[in-house]
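Starting off, we have a lone chain in the form predicted on its own, written out as structure tokens.
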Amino acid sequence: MGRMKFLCDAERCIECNGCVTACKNEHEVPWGVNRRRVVTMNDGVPGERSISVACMHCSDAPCMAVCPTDCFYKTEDGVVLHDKDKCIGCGYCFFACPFGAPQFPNGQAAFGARGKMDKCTFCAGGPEETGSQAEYDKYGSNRLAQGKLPLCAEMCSTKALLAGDANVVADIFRERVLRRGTGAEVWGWDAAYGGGEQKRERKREGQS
């Protein structure tokens, strides 16, 4: 059984927030919660990069380790899910997660009015897997059961956000790194648009 993973290619992310919008629309995520968000580093200076961040469905998930009610569990695909019926809103997972994935809805805080934590499900629904409206209200769509990938990755216009079997995702990214250059080459358009041939021609003419 493959392990499902996310990977964001910072060289391709254009900070459009399409992944964030797709997630909120697909799952009707409550106000105040972003299961996915785009983080920009070195904003406005040379070297600026943006990455799309959500639950990374860790192999050794710290949220699972600290939860006092064991409401976190892992599927056969390696997706880390959260049973809201067991959650007591203590917030331990929020403080343990290095990605800030578990969140309190509607701005509720750990030491105020407690609510059930919410997090990215990799579009895998919840523990009941019934497809009921109650299940959807708690966890959103179960796209994996329909043979689909998370909508955030499918809607990424530059294919910066990759999702799926970890080995396949790693192979795609490895191939990108090997082929990565400048201009059109970054997008894999070198062959289609003749970028490589033009470079070789300039070198022959001493214009490189």
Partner chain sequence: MSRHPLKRLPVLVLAGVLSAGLSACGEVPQVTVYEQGQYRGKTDTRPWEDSEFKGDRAAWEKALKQRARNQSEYNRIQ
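Positions refer to the first chain, counted from 1. Because the structure is a prediction, the values reported are computed rather than measured.
What comes next is about the form predicted in complex with its partner chain, which does not appear here.
Shown alone here, residue 43 lies farther than 4.5 Å from its partner chain in the predicted complex, counting heavy atoms only. Interface membership of residue 179, defined by any non-hydrogen atom within 4.5 Å of its partner chain in the predicted complex, is confirmed. At the 4.5 Å threshold, heavy atoms of residue 37 stay clear of its partner chain in the predicted complex, well away from it.
For residue 116, no non-hydrogen atom is located within 4.5 Å of its partner chain in the predicted complex, even though that partner is not displayed.
Proximity to its partner chain in the predicted complex holds for none of 25, 105 and 137, with the criterion being a heavy atom within 4.5 Å. Shown here without its partner chain, the chain has 68, 69, 70, 71, 72, 73, 76 in 60 to 76 lying with a heavy atom within 4.5 Å of that partner in the predicted complex.
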